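Only one chain comes next, encoded as structure tokens, the form predicted on its own.
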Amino acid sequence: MSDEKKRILVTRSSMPPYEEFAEMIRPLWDSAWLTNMGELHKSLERKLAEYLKTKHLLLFVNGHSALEMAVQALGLSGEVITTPFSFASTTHAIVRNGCTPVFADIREEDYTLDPDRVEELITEKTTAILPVHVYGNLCQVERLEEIAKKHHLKVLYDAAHAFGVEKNGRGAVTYGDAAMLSFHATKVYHTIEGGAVAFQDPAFTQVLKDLKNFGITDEEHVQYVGGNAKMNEFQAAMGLCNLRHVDEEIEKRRKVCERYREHLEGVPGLKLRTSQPGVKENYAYFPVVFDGFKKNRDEVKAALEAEGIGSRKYFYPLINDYECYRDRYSSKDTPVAKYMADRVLTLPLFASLELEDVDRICRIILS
């Protein structure tokens, strides 16, 4: 395939120099300590907590396990109010802990949970709110905190899209009782697979450590029904290497986003995400809402695919339309989320995406 027709994926993992990673893992052949919270694991926890400006952070094998165990550690039960405009993991983590998800609609401005809709849905069975920061946009964190305090609810954030995001200098993961991070290979920052829980109350430290190690508290006692969610040393090594370069990678992504805006901003029928006041962005995704454009979202996606360019209907379908949930829920109850899910397309975005390729993608869309 020629350069002009080369395949462009919707995302591509950032990788450190091979020699740097090889040097990082070389000591593992001497120690043979490959998992169970080794030195690289401990080092990465410390460095990430510092980078993300949080007091407490624990690593997990992946983001979903981190979220499931955060729900368990917080002792959630009954109803948990959340958003249908998210990845499957968010709701699955609630259900797999024996709780009942209650879907509130989202804000059109930033795709995140609408606090007014949340408050309308609170009942005597509600124990928590599980909002999702979307595309790097932060939820209405202050308003959600007010609602949670008023009704004595826990707040657990799905911050899979919010690595490194800050609001007025405060790390995104410091809001709420806890926040889950995903370090999947497709994210702004990754550890191949991986995740973390950031939290403010040090009392959660030991219970989360125990939960991710089968609930084992010592050699002779198993206090919790836990799982195996420990991050191994090879993942931690990749994380340490990538952390050295993440600011540079985010800057490259910023330039890609700016190039997209040069072509697409102000085009009739296209809505681009807007920056939030006081928020330091991570340029995680570039969503475009097709509303009144000469072609609809699905037609644009097909046109890009015909030229070897990947894009993603992210998030579509809504979680409340999944086969496993639609016997109890309906997207008709969340019309704003449904509207967005039917029209949004995320365009290719990764640090190594050439600006000339952004030009090509935009030419195809605009033509």
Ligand code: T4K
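As the structure is a computational prediction, the values presented were derived from the model and not from experiment. The numbering used is simple: start at 1 and walk along the sequence shown.
Keep in mind that the form predicted together with the ligand is not shown, yet the notes after this line are about it.
Heavy atoms within 4.5 Å of the ligand in the predicted complex map, among the stretches 266-274, 246-254, 211-219, 83-91, onto 83-91 alone. In terms of contact with the ligand in the predicted complex, the residue from V289, A185, L240, L153 that brings a heavy atom within 4.5 Å is A185.
Interface residue among A284, M180, A172, L113, judged by heavy atoms within 4.5 Å of the ligand in the predicted complex: M180. Interface residue remark: Y314 is counted as part of the site for the ligand in the predicted complex, having a heavy atom within 4.5 Å.
Taking the partner from the other structure, the ligand in the predicted complex has no heavy atom within 4.5 Å of any heavy atom of V165. Although the partner is absent from this view, H64 contacts the ligand in the predicted complex, with a non-hydrogen atom inside 4.5 angstroms.
Using a 4.5 angstroms limit between non-hydrogen atoms, G194 touches the ligand in the predicted complex. In the predicted complex, just one residue of 120-135 lies within 4.5 Å of the ligand by at least one heavy atom: V132.
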